[in-house]
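Encoded as structure tokens, the following chain is the form predicted alone, with no partner shown.
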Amino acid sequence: MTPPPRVALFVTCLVDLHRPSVGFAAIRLLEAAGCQVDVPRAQTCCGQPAYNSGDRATARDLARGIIDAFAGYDYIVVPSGSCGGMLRDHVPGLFEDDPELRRRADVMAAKTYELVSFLTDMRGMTDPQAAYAGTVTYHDSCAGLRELGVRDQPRALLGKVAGLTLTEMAEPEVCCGFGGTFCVKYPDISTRMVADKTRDIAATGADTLLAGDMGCLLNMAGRLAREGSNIQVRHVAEVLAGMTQELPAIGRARDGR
């Protein structure tokens, strides 16, 4: 009998600090897909904030630790297109002057996948065996879509969730304005972008907004809350894992406030 693949879950900073339930949902989905899941305790930030700010020294230091912590696994799975894109597409380039670290970074990159794309493309998941009573709309995060090619995979699985209706935005692929450090560097532009995004979300009539990246979700949830919207915001993994009854929507307490 072939042993199950050993998968290391890269939790991400925002999941760890703001929404640990996404990590538990990811584990539930990966185990349902027949994987043995570990969460390396030595993992840190992927280094993207430093990298985007031009601090390559810090990004390299973080990347070295990640390469060590995630060595030896069959796959590395990330519930975030942004962090997944950093590990797969950008970390190797930090070590152009170090052939051995570049080789190890390339090995790591080749094993790195965004969560939902891994479930569908690598593990053949077609039905998550979940239910959700509501109408949802899905936001395509920039990194997940443009760097990792994640678009059809979440929609395919959501189409199998019992009771769920998916209604598309007019422009689901347009940036929400978060962009990591972009929203800090250019707050006025970022605010305009997220206001345009929430207008598009509201126009769908959906009661729930889903995405696969916590940065986008926190940004959009904050704007929706300031606008007084009742639209719930959730990570797509929570719906696919059937965990929505166990926790409130992003940005809301258990009493709904």
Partner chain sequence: MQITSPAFKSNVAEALADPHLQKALHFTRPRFPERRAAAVAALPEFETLRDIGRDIKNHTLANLDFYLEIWADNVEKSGGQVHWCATADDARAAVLAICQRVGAKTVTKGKSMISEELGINEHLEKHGIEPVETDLGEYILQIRGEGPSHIIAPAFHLNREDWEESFRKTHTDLPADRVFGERRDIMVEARTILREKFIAADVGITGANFLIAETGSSVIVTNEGNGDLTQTLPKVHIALASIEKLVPTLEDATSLLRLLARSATGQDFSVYTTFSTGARRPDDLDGPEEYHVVVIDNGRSAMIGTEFQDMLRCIRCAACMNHCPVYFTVGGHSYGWVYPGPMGSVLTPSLIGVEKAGHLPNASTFCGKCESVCPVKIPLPKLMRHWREREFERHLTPGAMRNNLAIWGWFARRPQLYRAATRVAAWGLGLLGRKRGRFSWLPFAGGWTDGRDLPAPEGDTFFARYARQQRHKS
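Positions refer to the first chain, counted from 1. Fair warning: this is a prediction, and the values are worked out from it, not measured in the lab.
Although it is not shown, the form predicted in complex with its partner chain is what the next lines describe.
Peer 1: Using a 4.5 Å heavy atom cut-off, state whether M108 contacts its partner chain in the predicted bound form.
Peer 2: No, M108 stays farther than 4.5 Å from its partner chain in the predicted bound form.
Peer 1: Classify A50 as contacting or not contacting its partner chain in the predicted bound form by the rule of any non-hydrogen atom within 4.5 angstroms, answering yes or no.
Peer 2: Within the cut-off, so yes.
Peer 1: Just to confirm, G72 within 4.5 Å of its partner chain in the predicted bound form by heavy atoms?
Peer 2: G72: no contact with its partner chain in the predicted bound form.
Peer 1: Check whether I67 has any heavy atom within 4.5 Å of a heavy atom of its partner chain in the predicted bound form, and answer yes or no.
Peer 2: Flag for I67 set to no.
Peer 1: Using a 4.5 Å heavy atom cut-off, are L30, Q153 and L210 all in contact with its partner chain in the predicted bound form?
Peer 2: Negative, none of the three is within 4.5 Å.
Peer 1: Quick one: from Y132, F178, Y138, Y113, grab the residue that has a heavy atom within 4.5 Å of its partner chain in the predicted bound form.
Peer 2: Of the candidates Y132, F178, Y138, Y113, F178 is the one lying within 4.5 Å of its partner chain in the predicted bound form.
Peer 1: Among 97-105, 140-148, 123-131, 159-167, mark the stretch whose residues have heavy atoms within 4.5 Å of its partner chain in the predicted bound form.
Peer 2: Heavy atoms within 4.5 Å of its partner chain in the predicted bound form occur in 140-148.
Peer 1: Using a 4.5 Å cut-off on heavy atoms, what residues in 224-252 are near its partner chain in the predicted bound form?
Peer 2: In sequence order, A225, R226, L247, I250, G251, R252 come within 4.5 Å of the partner.
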